[in-house]
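Read the single chain below, which is given as structure tokens and is the form predicted on its own.
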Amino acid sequence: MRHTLRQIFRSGKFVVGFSIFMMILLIVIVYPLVVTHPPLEIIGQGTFFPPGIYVSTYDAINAPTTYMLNLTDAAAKRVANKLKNEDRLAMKEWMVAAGVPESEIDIADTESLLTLWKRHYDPNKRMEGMTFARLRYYQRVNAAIEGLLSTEAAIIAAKNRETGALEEVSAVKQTDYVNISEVANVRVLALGTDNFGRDVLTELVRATGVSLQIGFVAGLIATLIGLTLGLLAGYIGGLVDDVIMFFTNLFTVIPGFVLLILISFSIGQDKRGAFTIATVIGLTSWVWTTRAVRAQVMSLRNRDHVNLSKLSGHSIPYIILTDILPYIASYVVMALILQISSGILAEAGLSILGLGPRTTEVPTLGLMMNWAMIYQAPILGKWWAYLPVLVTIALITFSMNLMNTGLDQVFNPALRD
């Protein structure tokens, strides 16, 4: 056993695949211990917040300490965020249409561009051929850049209880900064939020764990059924083999995923839990394992050690478990790995079609893809709602296939170096 394990971990492909899979498994186990928020708890009133660090504006203004930082690029960054290149081109387009010579407009010189804009722009002026939507666009650009180059502080005022008049309480200078550790409410959204305003990273980790559980349950069920039927058909043969192969061929003719869709649809949304879906996937995925195990057993049943065991009067279960099963154990492990990977992919496919586990309990990788597609995240360019899910599914299946390939190289003499 020790020699076999040493051989396995000398396989580079197996080690790489095993390392990737264990890294994913470690994150799934450790992350919920650090971030205890429920993954389906709504944290935002909006949808598809981009990745980043979110700070309560109220708490930032009222932070106990402010610091003055003379950062030379602070103003440039503020202008760049408010005045994008497409806005600069649009401003130039409007001013040229208004009669400003194009040679006088330099979109790279922010100060001169804003000066010309302030001098010539009329929010109510409508150029010939200009649509109402375009007019509103120019008005939005003008509102966004209002006071962009101003160096005055933002005044914070409060009502006087006696007079009702607004009185200045404090002012926030443009050179004022707050240490993020001193702000009470800070939320790090490394992968932004989804269409429901939920933390994608927290949801992704929990969904990965649930999908792995579904894959393991489905893989175990499919492998156990396939192993049992394959052993019986391959060793006993005769009528038992004919009956088993009749049902195996019957299920082979029917596309497995179509059968999976029909069964999932017939169960109904309310009864489709994660374990139920895993069981259905396992019950429809045993066919190829049965055929493969049967072929392996048929090549072993007439070996000398098996015939000797028969002559010794050992029972059929004893011969199967002690004289045949150990010789195909490595193949069974490889089949299990592939079944787990196939189970995860099958759940993702079902959930994308809306036939996966019910959405009110736990997220899965397939459900996250389903939500992203329903709310048009790919069309809207909200990559963080679906790309991390695709990468996670790809990493899981890639790692398992690498492990399977590594094991095959170790146990298959024809593939050894």
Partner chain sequence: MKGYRKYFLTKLAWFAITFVFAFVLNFTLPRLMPGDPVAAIVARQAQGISNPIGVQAIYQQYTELFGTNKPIIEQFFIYVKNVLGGDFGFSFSQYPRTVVDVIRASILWTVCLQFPAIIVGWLIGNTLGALAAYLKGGFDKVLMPISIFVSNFPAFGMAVILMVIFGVTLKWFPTSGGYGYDLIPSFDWKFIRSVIVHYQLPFWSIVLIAIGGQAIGMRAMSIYELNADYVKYSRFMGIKDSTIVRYVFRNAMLPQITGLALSIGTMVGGALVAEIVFSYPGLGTTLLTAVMGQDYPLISFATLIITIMVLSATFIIEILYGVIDPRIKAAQAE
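For clarity, every value in this text was computed on a predicted model and none was experimentally measured. Numbering follows the first chain given and starts at 1.
The next section is about a form of this same protein that is not shown, the form predicted together with the partner chain.
J.: Using a 4.5 Å heavy atom cut-off, which residue among 313, 255, 101, 238 comes into contact with the partner chain in the predicted complex?
T.: Looking at the other structure, the residue within range turns out to be 255.
J.: State the residue from 225, 262, 96, 116 whose non-hydrogen atoms include one within 4.5 Å of the partner chain in the predicted complex.
T.: Looking at the other structure, the residue within range turns out to be 262.
J.: Look up in the predicted complex whether residue 407 has a non-hydrogen atom within 4.5 angstroms of the partner chain, and give yes or no.
T.: No, residue 407 stays farther than 4.5 Å from the partner chain in the predicted complex.
J.: Quick one: is residue 9 in contact with the partner chain in the predicted complex, heavy atoms, 4.5 Å cut-off?
T.: The answer is no: residue 9 has no heavy atom within 4.5 Å of the partner chain.
J.: At 4.5 Å between heavy atoms, is residue 386 in contact with the partner chain in the predicted complex?
T.: Within the cut-off, so yes.
J.: I'd like to know if residue 220 sits close to the partner chain in the predicted complex, meaning any non-hydrogen atom pair within 4.5 angstroms.
T.: Because no heavy atom of residue 220 falls inside 4.5 Å of the partner chain in the predicted complex, the answer is no.
J.: Considering the partner chain in the predicted complex, find the one stretch among 327 to 335, 300 to 308, 225 to 233, 241 to 249 with heavy atoms no farther than 4.5 Å from it.
T.: Selected stretch: 241 to 249.
J.: Give a yes or no on whether each residue among 67, 141 and 154 has a heavy atom within 4.5 Å of the partner chain in the predicted complex.
T.: Looking in the predicted complex, the three residues 67, 141 and 154 all stay beyond 4.5 Å of the partner chain (heavy atoms).
J.: Heavy atom within 4.5 Å of the partner chain in the predicted complex: which residues of 368 to 400 meet that condition, in order?
T.: Counting only heavy atoms within 4.5 Å of the partner chain in the predicted complex, the contacting residues of 368 to 400 are 369, 373, 378, 379, 386, 387, 390, 393, 394, 397, 398.
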